[in-house]
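Only one chain is shown below, in structure tokens, and it's the form predicted alone.
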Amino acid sequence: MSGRIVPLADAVAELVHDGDTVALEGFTHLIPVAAGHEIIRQGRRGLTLVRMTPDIVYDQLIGAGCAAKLVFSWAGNPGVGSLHRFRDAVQHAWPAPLEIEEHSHAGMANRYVAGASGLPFAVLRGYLGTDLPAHTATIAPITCPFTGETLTAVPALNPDVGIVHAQRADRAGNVQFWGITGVHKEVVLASARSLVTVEEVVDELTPVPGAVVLPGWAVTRVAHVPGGAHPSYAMGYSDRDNDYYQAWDAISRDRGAFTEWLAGVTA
């Protein structure tokens, strides 16, 4: 088996350091929740967390005191409501102050693409007519040199660590995922180091319609973590645990209930 495939705790200890910029991506599907919990267990601090759609695992990381900054384009408990640990950090600096940098979905996706492409910034028709440029320093107007059209530039995203979940890897460390793939490919290619947790390790990656394969040379470490996306889902392996998302609302609303939940994760 390839040396790229290691236990999750070893991968996080090697790849994620205090003060890093870390992206745990997954667009409703294949969210690397187990990796997020391992970051909490290892007590990382001062992280800049990046994600297009931070949901409850980022709420948990923020509440655990891991984050100093959040770069994002939407935040919430999907289908339920707010992220109350996130709100508490922004509004009351509990457990620590949290700086925020807000973008649009298109802006974040294009930033990852620029980072994966080795470009310094991305250009898009977006943000015009919104007040985000007035509040986010990483959004700037740019004039097209060919047409004179005013467009928007956003800097590339190049996280120190990109983390995603996938359905499977082979023993050489090549990774395969399918379904809603979000920006999995882009975040891995844009990041200085990467970790992919997988449902299973197989001898051969058999073709799947619409699947994406990340070659082993593009992935720093792979960890075999069945169920590593729970309570989100992995197409073909697990279903979304809607009850967990509902239950999280009450836990996250109350500092005491959250502290009790956190003790269970770190025990």
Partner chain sequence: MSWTADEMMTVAAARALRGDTRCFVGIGLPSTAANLARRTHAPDLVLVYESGTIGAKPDRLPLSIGDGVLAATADAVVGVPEMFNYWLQPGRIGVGFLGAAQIDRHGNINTTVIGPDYADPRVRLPGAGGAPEIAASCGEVIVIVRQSTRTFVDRVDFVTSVGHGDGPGDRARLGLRGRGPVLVITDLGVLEPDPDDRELTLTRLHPGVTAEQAVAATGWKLRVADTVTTTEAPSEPELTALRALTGAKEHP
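Residue numbers count along the first chain shown, from 1. In this text the structure is predicted, and so the values were computed from the model without any measurement.
Just so you know, the form predicted in complex with its partner chain exists too; it's not on screen, but the next bit is about it.
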(message) Between its partner chain and 17, 47 and 50, in the predicted bound form, does every residue show a non-hydrogen atom at 4.5 Å or closer?
(response) no
(message) in the predicted bound form, does residue 181 come within 4.5 Å of its partner chain, counting heavy atoms only?
(response) yes
(message) Is residue 73 part of the interface with its partner chain in the predicted bound form - any heavy atom within 4.5 Å?
(response) yes
(request) Please check if residue 40 has a heavy atom lying within 4.5 Å of any heavy atom of its partner chain in the predicted bound form. (result) no
(message) Is it the case that residue 193, even though its partner is missing from this view, gets within 4.5 Å of its partner chain in the predicted bound form, heavy atoms only?
(response) no
(request) Mind telling me which stretch in 195-203, 59-67, 222-230, 23-31 gets its heavy atoms within 4.5 Å of its partner chain in the predicted bound form? (result) 23-31
(message) With its partner chain taken in the predicted bound form, which residues across 240-263 come within 4.5 angstroms through any non-hydrogen atom?
(response) 240, 242
